[in-house]
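The data below hold one chain only, encoded as structure tokens and taken in the form predicted on its own.
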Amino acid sequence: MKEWNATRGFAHNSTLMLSCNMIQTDGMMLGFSDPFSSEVKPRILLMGLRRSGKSSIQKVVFHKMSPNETLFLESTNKICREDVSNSSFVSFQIWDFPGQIDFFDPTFDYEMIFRGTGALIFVIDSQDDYVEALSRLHLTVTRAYKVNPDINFEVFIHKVDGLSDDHKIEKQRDIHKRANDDLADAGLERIHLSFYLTSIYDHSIFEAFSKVVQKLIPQLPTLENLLNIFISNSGIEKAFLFDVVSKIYIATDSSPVDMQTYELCCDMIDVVIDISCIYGLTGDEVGTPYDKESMAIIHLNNTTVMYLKEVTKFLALVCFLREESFERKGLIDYNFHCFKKAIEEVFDVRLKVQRSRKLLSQRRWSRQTVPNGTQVHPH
């Protein structure tokens, strides 16, 4: 265990100073990447039967496609791989699998695929008969678990926008029971499945993906700890650390997340980006609508204030607080400055570890080659 100390002087509401000593995880866990390469990213698999909504989910979450436009998407007939880390903080590959994939096909190397997987998302159409989907879920999970027991198994009970609240709960309870009973009958109770009610027509799909992505971020406990310290010393009620591009929140404080609050955060980010595109850039200026100057304040009609501040070029902090607390804006901004510096240090460590991994990988490769470039296979 490698200790990493970040002493932060957050100012308290009573003007007292608080020092925060945090322990970071072992250096080999700091990055998103494979232990010996900074290029390999965790893999998220999207699986399920045909027309269950897998491709629509990917397009809406990561390509900002309108939900109505997904009605015209063609059915996926081959494995589609995409790197979603080019313009976003979240760093992983997402693989969209066709619904007719056959695990028993000798040409399908499922061991190679599952071995590098961080999360497996199985999508079930809640408006269809899901007996076959549950059977495919069981086959998929048991095969994947044998290859890689560290995979996070996530079940999206999808297309719930057409169901009543009572019907949603009933569907979730039934699918949860059947899936876990199948695993228990096979003697695989140790496999844990997480269930989410999702729809592309509201923010439930973004919140579900947020939960999935958070499990792939080894810095999550540190980020949550920093957010808890920040809000407790600033009079803030709730805070989210958002990836601006995907509107996935990568961390929040320890208080419960309310769907309405999350939706307001997403809407605020959209407003900030849209206004910045219109008024933030001149005609001949080249840049992005979100930068280090980005900041927004929205006063709601229930005496609540929403406050957005840029953390990095990919991340934004969105806070909820009372108007009387916002009167101490200087204190909040000072504590935000401390919070931002701590976040930068956390990910500076991550980048250093990734660089060292890449260097280590290159050295290992060079030792296995002779000067003329011929590879040597060591004994």
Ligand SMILES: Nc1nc2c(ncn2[C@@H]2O[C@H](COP(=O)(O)OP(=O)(O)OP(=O)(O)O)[C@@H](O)[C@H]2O)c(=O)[nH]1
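What you see is a predicted model; the values in this text were computed from it and never measured. All residue numbers are counted from 1 along the displayed sequence.
Below: the form predicted together with this ligand, not depicted.
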message = Is it the case that Ser55, even though its partner is missing from this view, gets within 4.5 Å of this ligand in the predicted bound form, heavy atoms only?
response = yes
query = So in the predicted bound form, does Gly235 come within 4.5 Å of this ligand, heavy atom to heavy atom?
reply = no
query = Hey, in the predicted bound form, does Ile200 get a heavy atom within 4.5 angstroms of this ligand?
reply = yes
inquiry  = When the contact criterion is heavy atoms within 4.5 Å, does Thr70 count as touching this ligand in the predicted bound form?
reply    = yes
message = I have Gly116, Ile151 and Lys211 flagged as a candidate spot, so tell me whether each of them has a non-hydrogen atom within 4.5 Å of this ligand in the predicted bound form.
response = no
note = From Asn225, Gln172, Gln127, Asn180: within 4.5 Å of this ligand in the predicted bound form by heavy atoms is Gln127
query = Considering Arg328, Lys341, Arg50, Lys352, which brings a non-hydrogen atom within 4.5 Å of this ligand in the predicted bound form?
reply = Arg50
query = Tell me which of 185 to 193, 301 to 309, 138 to 146, 159 to 167 has residues with heavy atoms within 4.5 angstroms of this ligand in the predicted bound form?
reply = 159 to 167
